[in-house]
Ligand code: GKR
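What follows is one chain in structure tokens, specifically the form predicted alone.
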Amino acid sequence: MKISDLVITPLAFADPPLLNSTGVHEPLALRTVVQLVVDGASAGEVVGLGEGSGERDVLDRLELVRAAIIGQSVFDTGAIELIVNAVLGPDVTPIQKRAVFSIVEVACLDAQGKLLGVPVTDLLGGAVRHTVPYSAYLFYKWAAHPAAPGGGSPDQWGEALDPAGIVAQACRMIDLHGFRSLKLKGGVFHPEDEIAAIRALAVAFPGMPLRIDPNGAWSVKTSKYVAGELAGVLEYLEDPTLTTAAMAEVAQVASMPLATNMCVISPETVPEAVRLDAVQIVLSDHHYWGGLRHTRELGAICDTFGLGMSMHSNSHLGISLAAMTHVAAATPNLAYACDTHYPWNSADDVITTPFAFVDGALAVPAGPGLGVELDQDRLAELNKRYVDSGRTTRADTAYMRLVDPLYDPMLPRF
């Protein structure tokens, strides 16, 4: 079963004006979909799907990899990873290489599942859970994009710039999708305002697990203060400050676990975090960790050192969500509800049957493979939008500066 082609399609889809520590999401998010064509199957060609970053450098690296993997067995992902690393060479960092390989590996696993007639979970050792819980991802946001084409009409979610707005957003998320845990993207406003928002959520949804993630926007002093103010309120506190050493200082006084997707980002970064007891929960992300099998390996590492495990998210569509769900279902100690941006972006999905959350969870797609099919017309439409936009990279800070020319993303902000 040899790979005969890798079709690489960049696309752009609608994204709301979601605020974060580096600025605000632009009207269009960028993503890449690949179609891995495999010859030699009895039924003819089989196509495996993958999804990942839409940054120009990732697209360029995928193009380099494409020619090198043609002719390889779709089942030989170990050799394909070595090829990816060799082709990209020493000037590309391991993290950047993993971001490229992850897209290809998911497509290989999807094709393998289709060839064997089994879901991807079976290729990862089998499902230990048949539904995967997700957390509502709450954002401070503007009512509309100020610089959007056509004048920036308000979107269906409305404005959320204070505790009342965040609570209203959470209510809508729960009404639509049934989520049973809530996460707020912080690092936007003064910590006192964000503490007030978390407290308002705790009052509105008593007993519901709550999280906040300021993406390293707080100093160690501020992080300790927030941890004290929200003792007994948060399920966990995610990346309040930068660096593993700084997180360790906060962990010494915090009553709740600290979580990260910024300090522990590779196997090499685990030992220091464990030695310093800097984090208690690692947020996996197969896009950064090098695919689904390496994410399962991360699960084993976390289990060895007694670390909890959840899942990080960025703006994504249904192919990535399918992959996230399969690997979460096959990782025994991934016990916390996963993050997902999908409710913000699902209207522009490129799969024929978009996902629907039930009680905040997704059933593992039955397969074969990832269990999703590509909508070719929709893919072409979003590819045209990408080409017409002229965009090649995400630029939250530059977009924010259209509104606030003096905006400074330097961290820590508070």
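These numbers were taken from a predicted model, which means no experiment stands behind them. For every residue, the number given is its place in the sequence shown, counted from 1.
FYI, the form predicted in complex with the named molecule isn't displayed, but the following is about it.
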Discussion item. Just to confirm the contact call: exactly one of 79-87, 158-166, 335-343, 107-115 touches the named molecule in the model of the complex at a 4.5 Å heavy atom cutoff, so which is it?
Written reply: 335-343
Worksheet, complete the sentence: Heavy atom within 4.5 Å of the named molecule in the model of the complex, from candidates F189, F205, F139, Y225, belongs to F139
Response to the item:
Picking from N261, T295, T241, T121, the single residue whose non-hydrogen atoms come within 4.5 angstroms of the named molecule in the model of the complex is N261
Worksheet entry | Output flag, K185, S313 and R394 jointly within 4.5 Å of the named molecule in the model of the complex, heavy atom basis | yes
Worksheet item: Hey, in the model of the complex, does S219 get a heavy atom within 4.5 angstroms of the named molecule?
Response: no
Worksheet item: Any of the heavy atoms of E194 lying within 4.5 Å of the named molecule in the model of the complex?
Response: no
Worksheet entry | Distance check, N215 to the named molecule in the model of the complex, heavy atom within 4.5 Å | yes
Discussion item. Considering non-hydrogen atoms and a 4.5 Å limit, does the named molecule approach T9 in the model of the complex?
Written reply: no
Worksheet item: Can you name the residues of 9-25 that have a non-hydrogen atom within 4.5 angstroms of the named molecule in the model of the complex?
Response: N20, H25
